[in-house]
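Quick heads-up: it's one chain on its own, the form predicted alone, in structure tokens.
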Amino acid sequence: MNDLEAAAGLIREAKDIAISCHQGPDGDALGSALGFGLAARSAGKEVTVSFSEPFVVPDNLRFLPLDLLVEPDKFPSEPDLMVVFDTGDQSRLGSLVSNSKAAANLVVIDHHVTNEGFGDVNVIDADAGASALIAHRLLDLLGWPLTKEIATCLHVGLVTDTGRFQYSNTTPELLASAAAMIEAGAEPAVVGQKIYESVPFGYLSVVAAVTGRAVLEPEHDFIWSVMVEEDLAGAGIEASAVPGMIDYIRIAREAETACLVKDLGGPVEVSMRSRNYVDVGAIATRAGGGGHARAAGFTYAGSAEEAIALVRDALADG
């Protein structure tokens, strides 16, 4: 029995399923969790979905069906079965780490190369372009049909983690999965507009501030910038309304490696991207984070300048 079959067996037998994903969820994490949760509910399961504080759904994902979502303090403390999506390390569950450790059975479904497996059953495929693709495989194995709502959630995961199907993780299988979602009712035009073309006006001033302070270090083919609290306050918007900011840094052709540091009052959050040869996942792992070879991140207890220096030193070391 392979890991996917073992996961399907536990899910098939379960009456109640508690579903989570990493804190600060992106489209793949939340889309996979919600899409699978909706399918499980349609199959007659009692389903709860949540993620750790800060319990804020990103602005561009609020169009998804959220009725299964509960605050983390309402998540089962000792689930019979907990299924975790798109979480490369158990610590990324935040306040729900204790729930995952108390679960009678824990299933981890993920595609981060840095994930060593922290579940009783681990379905981890670093070659999968999105956790949503693995979720689709699992639904097929379970024989659970796609509805328009399920397909929309999973389609969001496929679209966001492949950069609108332009990253190297876009495979024939993933495109076939996207086609199945569209066939089931997902609307690419609606998803694209909600995810990428619907921001508050203040977003533009944050882009201007962040790109305006970008720094190029040609000796390392490195571009970086910092987002600070004043950027958001001046624009009158919350952090949840500014997803994808690193994409404005990484598009410069001089950038083999791009880095955005969010310095918003707590530990700084560092996002990294690379084009061809720098393994930012390895850099993030050494800093206590994780991710993929071309997209990764970590949190850092020091200053933004120290976080940038950490990345710079790693690039200098090769």
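All residue numbers are counted from 1 along the displayed sequence. All values reported here derive from a predicted model rather than from experimental measurement.
One more form of this protein should be noted, the form predicted in complex with a small molecule, which is absent from this view; the next part is about it.
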query: Location of the small molecule contact in the predicted complex, chosen stretch of 63-71, 248-256, 285-293, 37-45 [non-hydrogen atom, 4.5 Å]; finding: 285-293
query: Any non-hydrogen atom of residue 59 within 4.5 angstroms of the small molecule in the predicted complex; finding: no
query: Residue 279, heavy atom within 4.5 angstroms of the small molecule in the predicted complex; finding: no
query: Proximity of residue 263 to the small molecule in the predicted complex, heavy atoms at 4.5 Å; finding: no
query: Residue 271: touches the small molecule in the predicted complex, heavy atom cutoff 4.5 angstroms; finding: yes
query: Joint contact, 92, 112 and 297 to the small molecule in the predicted complex, by non-hydrogen atom at 4.5 Å; finding: yes
